[in-house]
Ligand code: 7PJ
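To begin, one chain is listed below as structure tokens, in the form predicted on its own.
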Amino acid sequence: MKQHDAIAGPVLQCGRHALDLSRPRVMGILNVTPDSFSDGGNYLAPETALTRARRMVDEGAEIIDVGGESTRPGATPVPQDEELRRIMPVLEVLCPSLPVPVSVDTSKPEVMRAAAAAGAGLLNDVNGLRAEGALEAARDSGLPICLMHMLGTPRTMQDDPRYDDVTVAVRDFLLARVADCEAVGIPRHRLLLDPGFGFGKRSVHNYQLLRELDQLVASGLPVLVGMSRKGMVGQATNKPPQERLHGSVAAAVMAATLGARVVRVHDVAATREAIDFVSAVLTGGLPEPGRGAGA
């Protein structure tokens, strides 16, 4: 495991918000689904979602990720109209109200277009823009896009995932998707990469990907990771999803130390504090504007 040196990062223009990735940033998860593995059904109403989003921002979240379709292992696909019904009222409340960008977790081109029109600041696609028309919808949005690796579909991805070398497979897949994006006119400076922890991978694959995350960071594109409360944490700690705080924070700290620029989490306050410490160490203890610095 190689520690990643602190370097200047890009600034993503997320709609009306700029997201500076010179330090690791925290993305708060807001699922507006009835069946997500950890918090399904908790934030379906727009008012409840806004309250939760504001709390995460107060705790230090610098981007909020809204999802209307569960991608847990075994999940059934949600029709486009239902996904729109779930997320659009929430986006219409969040986007103009929050002081941070709102990301939308979707693989459907029409949902991407509607989300962009509603003021979303980033598109987060677990399918890596592989749906028909997704590349064009993402291009036309003008927004940054996170490309994720997934083997199979959420319904089938954990049936029997196999790799000769998972790090090489994930890296090669993502770089091929970057090339496809560039071919349709999406510039590299709008792209982030996500290795897809837990998406068609056994725990042994996830652990290797985390150990070798610097190999993906070496691509030069910002890396986003999502390990919060996932099975890879549960298998190591023998804890159910709601009790995986400490393991999830440890995973986020490891990822940030290896160069990840965005960590996607449920537990914002604890992760923010840990990531602030990582940032202080990697940058020589210099405080970020607006944050205090201990003596």
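Just so we're clear, the structure is a prediction, and the values are computed from it rather than from any experiment. When you see a residue number, it is the position in the sequence shown, counting from 1.
In what follows, reference is made to the form predicted together with this ligand, a form of this protein that is not presented.
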*Could you spot which one of S141, T71, S107, N206 gets a heavy atom to within 4.5 Å of this ligand in the model of the complex?*
T71
*Just one of V111, L224, I87, A120 has a heavy atom within 4.5 Å of this ligand in the model of the complex. Which one?*
L224
*asked:* Residue-level contact is defined here as any heavy atom of the residue lying within 4.5 Å of this ligand in the model of the complex; does M148 satisfy this criterion?
replied: yes
*asked:* Is it the case that V126, even though its partner is missing from this view, gets within 4.5 Å of this ligand in the model of the complex, heavy atoms only?
replied: yes
_So, R261 and this ligand: in the model of the complex, are they within 4.5 Å at any heavy atom pair?_
no
_4.5 angstroms heavy atom contact with this ligand in the model of the complex for R244_ = no
*Taking the partner as it appears in the model of the complex, which of 194-202, 207-215, 165-173, 179-187 has residues with heavy atoms within 4.5 Å of this ligand?*
194-202
